[in-house]
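First, one chain by itself in structure tokens, the form predicted alone.
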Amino acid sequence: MKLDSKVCIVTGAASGIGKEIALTYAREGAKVVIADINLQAAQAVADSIAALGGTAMAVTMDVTREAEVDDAVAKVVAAYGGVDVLVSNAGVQIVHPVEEFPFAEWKKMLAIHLDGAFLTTKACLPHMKASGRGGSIIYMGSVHSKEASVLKSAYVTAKHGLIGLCKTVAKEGGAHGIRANVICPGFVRTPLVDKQIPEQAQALGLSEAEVIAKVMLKETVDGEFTTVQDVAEVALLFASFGSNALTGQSLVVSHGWFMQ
């Protein structure tokens, strides 16, 4: 059990990558917090973990609202006694050419990805320090933390920003045994990506099959999507690593799309 009795908060955990990370952590003995804006869906994930003999709770969390984030973290601490791991995973995707990008949607994207990462980190850090056990903060970046693609100015900007936040948190947290790292997946076949396929097909004048082959998977070594399981295994590595030797890093999981 790599995470035996560790308290792990995963945002955006009601579906997709976040859900798979939560399930993986539960199998490794963690007390998992399913934090999501959709409480009903979050509770369903928590119930499925409990049915398998794991420990989980669901909390409502809009990561752009400071009071809601603080209240949710306080509930976790009251229930489980602290926080050991934070996975800042909540995210959305909106695509437009730069000159057509509505400012309100730009601000929404940055709020969810960057403000959400900042607010959840800010809420969890004091508890990690107070415990004396240190902790692990994991940001869900993207290959777009390293590269750019057309139509994704807000997403690329936000995902680049997470690397800067991560490095700062790693510097500030090091003395307390708190690590911070970024996972940078390639395209993972989740509802978020499925939604992009027709949108990009329309914007680029391609078929959906061409978007997959010529845009999403063109630069991979094997034409394969990254899986939620691939990402969850890296999240387990970052959560369970035992020292500050692995901090301030960003690991690309993309079938070779981007190679550092």
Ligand code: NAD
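Just count from 1 along the sequence shown to find any residue number. Here the structure is a predicted model, which is why all the values come from computation and not from measurement.
Omitted here: the form predicted together with the ligand. The next part is about that form.
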I'd like to know if residue 159 sits close to the ligand in the predicted bound form, meaning any non-hydrogen atom pair within 4.5 angstroms.
yes
Quick one: does residue 17 come within 4.5 Å of the ligand in the predicted bound form, counting heavy atoms only?
yes
Is residue 48 close to the ligand in the predicted bound form, meaning a heavy atom pair under 4.5 Å apart or at it?
no
With the partner left out here, check for me: in the predicted bound form, does some heavy atom of residue 62 sit within 4.5 Å of the ligand?
yes
Tell me, please, which stretch of 37-45, 50-58, 23-31, 206-214 lies within 4.5 angstroms of the ligand in the predicted bound form when heavy atoms are compared?
37-45
Which pick from 138, 112, 76, 124 sits with a heavy atom within 4.5 Å of the ligand in the predicted bound form?
112
So the ligand isn't shown here. In the predicted bound form, which residue out of 90, 151, 128, 72 has a non-hydrogen atom within 4.5 Å of it?
90
Heavy atom within 4.5 Å of the ligand in the predicted bound form: which residues of 189-216 qualify?
190, 191, 192, 193
